[in-house]
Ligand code: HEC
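One chain comes next, on its own, written out as C-alpha cells in the form predicted on its own.
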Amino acid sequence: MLKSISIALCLFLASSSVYAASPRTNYLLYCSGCHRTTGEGKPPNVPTLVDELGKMMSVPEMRGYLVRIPGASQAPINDEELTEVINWVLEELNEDTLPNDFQKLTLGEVSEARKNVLADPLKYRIQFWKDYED
C-alpha cells in the first residue's frame, strides 16, 4: 500500500513539473496582485496596462520597462515564460493601441532587461511620459 502511494506521488510530482502554465495563467498568478484581469491598475503607482503599453512599446528605451519592474523581474518564472506573458498582455489587452509596425518582445530582450531591476518604476514612467510628450 505504501509503495503504491509513493509511486503515485512520484508520478504526480513528475507530471506537474513538466506542466507549463499558459501566458494567461501566469498573468493571473504573477500580475494580478497589482493589475486586474482586464489590465486595469491603480494609477499613478500601478498603470492601467491597456492605456499605456501601446505607446510604450513604440519607444525603444521603454520596451524593457515591463520586464524591469520588480514584480516581473523577480517573478518565479523563467525568461521564456515572462516573454510569453508580456507578449500575451500586449496582444490580448492592447490590440487596438499597438502601432501597426509592433514587434513582440524577444527572449533576448527579456533576458537582458531582466538583469536590471528598476528601483523606482513610477519615477521612471513619469519621466518617460514627460519626455514623450515634449
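Think of the rigid core as the biggest set of C-alphas that the two forms share within 1.5 Å after superposition. As the structure is a prediction and not an experimental result, all values here were calculated from the model. All residue numbers refer to positions in the sequence shown, first residue = 1.
In what follows, reference is made to the form predicted in complex with the named molecule, a form of this protein that is not presented.
Of the residues given (Thr37, Asn78, Gln103, Thr48), Thr48 alone sits with a heavy atom within 4.5 Å of the named molecule in the predicted bound form. In the predicted bound form, Ile69 approaches the named molecule with a heavy atom inside 4.5 Å. Interface residue remark: Leu98 is not counted as part of the site for the named molecule in the predicted bound form, having no heavy atom within 4.5 Å. Residue contact check for Leu93: none of its heavy atoms lie within 4.5 Å of the named molecule in the predicted bound form. Superposition on the rigid core between this form and the one not shown places the CA atom of Asn45 2 Å or more away from its counterpart.
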